[in-house]
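To begin, one chain is listed below as structure tokens, in the form predicted on its own.
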């Protein structure tokens, strides 16, 4: 089968197309013919070598796919050959075939394309788990969404529209700001390239700050966002985009940027009634109750037209390096998908 392989940690030139033997499903697994694979920042960090859950090189990146069930191992129920499925895989998604644990898979609605399906699991489960299951967002809350024009950011905006919360959304360009307004017309856009997001929000809220922060960036952005939390505020940290800068990537520089994050004092958290929650969606299927609740809620919202994946860039599998480069250079909006 054709697959993208990360030969060693480094820039996008360390990725190449190779012919590999197709994997075999074990007990509890589905063998899926991949039609589309989602590209996530976790893939970029894995290539760089600072994502702890990633295997050592050489490896096939990709943790999110949509495709058709070709075979399955023992003990699998609820799926049949030919079923259209989407879900998580433990890497290996940038390939023509992948093994997908049945517990991590869900059937694709008939009116959903494979591209949309590859844009659904990671983005929408991240947004729902962060905002609802950890952040407990309610209508009266004020929420700060970083990287609001990205895949997770747009998923957050759509869910917040349904909740009715007040939204501050950070972006890096006017074009991305327009995309955010298309998804959430009520959002206050903060272009951090031309204004200090922390100062602007502090001024507009009379110094109170925000109730919830959805933070996929980390680094110095985490420090400044933590300072914006109102009493009883919840900071949800689920990414480290600050590690990745446009252009060639130096691993040590990336690690240094992450270490600039504020050291949080537990006593100060008690004093200000603040909560810090951090999560890696990779482990969410370990809590089947939380995952099942989120999937049911999200598919219900989609059936009502409340949420809909926005695929901003679709490229063939062979152009995975270009997809990584454009994501790394902050040149994408919405979800990035590789097609087969």
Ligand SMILES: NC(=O)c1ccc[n+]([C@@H]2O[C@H](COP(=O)([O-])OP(=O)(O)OC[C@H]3O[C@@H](n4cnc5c(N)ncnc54)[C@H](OP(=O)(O)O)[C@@H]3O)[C@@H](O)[C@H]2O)c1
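Treat the numbers as computed from the prediction; the structure is a model and nothing was measured. Numbering follows the first chain given and starts at 1.
The discussion below concerns the form predicted in complex with the named molecule, not included here.
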{"query": "Option touching the named molecule, based on a heavy atom within 4.5 Å in the model of the complex, out of 106, 241, 187, 76", "finding": "241"}
{"query": "The named molecule: the contacting residue among 152, 160, 98, 117 in the model of the complex [heavy atom, 4.5 Å]", "finding": "152"}
{"query": "Heavy atom of residue 217 within 4.5 Å of the named molecule in the model of the complex", "finding": "yes"}
{"query": "Contact test in the model of the complex: residue 12 vs the named molecule, heavy atoms, 4.5 Å", "finding": "no"}
{"query": "Touches the named molecule in the model of the complex: residue 113 (any heavy atom, 4.5 Å)", "finding": "no"}
{"query": "Heavy atom of residue 60 within 4.5 Å of the named molecule in the model of the complex", "finding": "no"}
{"query": "Region of this chain that lies against the named molecule in the model of the complex, out of 22-30, 308-316, 42-50, 295-303 [heavy atom, 4.5 Å]", "finding": "42-50"}
{"query": "Sequence-ordered list of residues in 176-194 near the named molecule in the model of the complex, where near means a heavy atom within 4.5 Å", "finding": "176, 192"}
